[in-house]
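First comes one chain, alone, set out as structure tokens in the form predicted alone.
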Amino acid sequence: MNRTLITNIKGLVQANRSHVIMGSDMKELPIIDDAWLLIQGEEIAAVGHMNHMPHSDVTDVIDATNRFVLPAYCDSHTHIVFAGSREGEFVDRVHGLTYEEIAKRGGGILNSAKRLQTTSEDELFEGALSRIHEMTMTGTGAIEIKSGYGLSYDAEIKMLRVIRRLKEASDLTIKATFLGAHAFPAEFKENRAAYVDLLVDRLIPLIADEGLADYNDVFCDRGFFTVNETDRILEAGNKHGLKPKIHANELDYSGGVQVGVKHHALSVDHLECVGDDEIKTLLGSKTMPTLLPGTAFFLKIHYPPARKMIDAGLPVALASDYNPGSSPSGNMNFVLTLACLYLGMSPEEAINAATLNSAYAMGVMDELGSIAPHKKANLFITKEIPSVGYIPYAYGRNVVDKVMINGKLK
């Protein structure tokens, strides 16, 4: 079994931590200065200060002088199985159209769904695998991938089978989420109940039986799925063993947070529209509020009130929302930059949100999100940088030098 020793680490970040980080604790980020890290096989074996470095036999030694080592990011909200880009809509928004106006003209999610339905499974797989490689090289080691660009029985199943292939082909930890309730297909606009019936009576039972998804998601927001529709879809998922996640309150105070917590959702995501009622609902729950600042940045909408949420005692997670229409980037380092500049978060809070808390948001906190013995050796080594604050500061520059997944350099 391979034993790799990383030595002379300037700062070993998120060391020996294994719990959700909430409220004022989010500003605390444990760092071991002048550290070593021992990896055995696929797992972290031990960590410590260079004054007490072990002298046992090792297979490989990596010198990390003047470099930081961080746990790989867990990106708990992405849509990276898609067919084609949507830069035309980007140009439309530059010229003044809103995201909702574009959607009403057949753009947005429906645009992606139309393309995906005519794209082969192999083509979708190759495109998504390329995006996974791109994300890995900027420090991401775990990804949650949603369906939702199929919006038909056959196309949703096709998407989930692509995600299953990605799980088999990639070394990264991947979770699959069924998001058939992403939007209403054009043919169901006048009969919404029939589409909800299709999801509840046919797709959810089949997906659960075939083990095609880990989670069940709904876009509960103005112009998309109502609270009552969401309630029915999440109830059906729970019945078949698919734990809820939810898109909520991106466009309005939709009631999505409340219905998500009611169903014990693992996370409620977006949350640009969050007030006292939503915060009160989340406090004391086991639901992780997950913020996607890349979406607010790209759509030029207001950012979620992260500062208010953290100061109220909540945890928050960060994710990229990588998708072709509203957040065409999976670079979590840039997500940290946005969190610091526009969400009022410190670099320490942002790193906590993108590692341990986001690991919780995708159900993998027991094995990922921090650098601790017996967790997977999913981590990255920075280039020579002065501090962890340099990571969000140096936006546009990839500060990641080496990435290790399951104990192996990529």
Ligand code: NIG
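Just so you know, these numbers come straight off a predicted model, no measurement behind them. From 1 onward, residues are counted along the sequence shown.
What comes next is about the form predicted together with N-(iminomethyl)-L-glutamic acid, which is not displayed.
The closest non-hydrogen atom of Lys245 lies beyond 4.5 Å of N-(iminomethyl)-L-glutamic acid in the predicted complex.
Contact annotation for Phe225: none of its heavy atoms lies within 4.5 Å of N-(iminomethyl)-L-glutamic acid in the predicted complex. Shown alone here, Ile109 lies within 4.5 Å of N-(iminomethyl)-L-glutamic acid in the predicted complex, counting heavy atoms only.
Contact between Tyr215 and N-(iminomethyl)-L-glutamic acid in the predicted complex is not found at the 4.5 Å heavy atom cutoff. Across the options 317-325, 187-195, 118-126, 228-236, residues that bring heavy atoms within 4.5 Å of N-(iminomethyl)-L-glutamic acid in the predicted complex belong to 317-325. Residue in contact with N-(iminomethyl)-L-glutamic acid in the predicted complex (any heavy atom within 4.5 Å), chosen from Lys158, Lys114, His263, Arg86: Arg86. Residue in contact with N-(iminomethyl)-L-glutamic acid in the predicted complex (any heavy atom within 4.5 Å), chosen from Phe334, Tyr303, Phe298, Tyr99: Tyr99.
Of the residues in 74-91, those that come within 4.5 Å of N-(iminomethyl)-L-glutamic acid in the predicted complex through at least one heavy atom are, in sequence order, His77, His79, Arg86.
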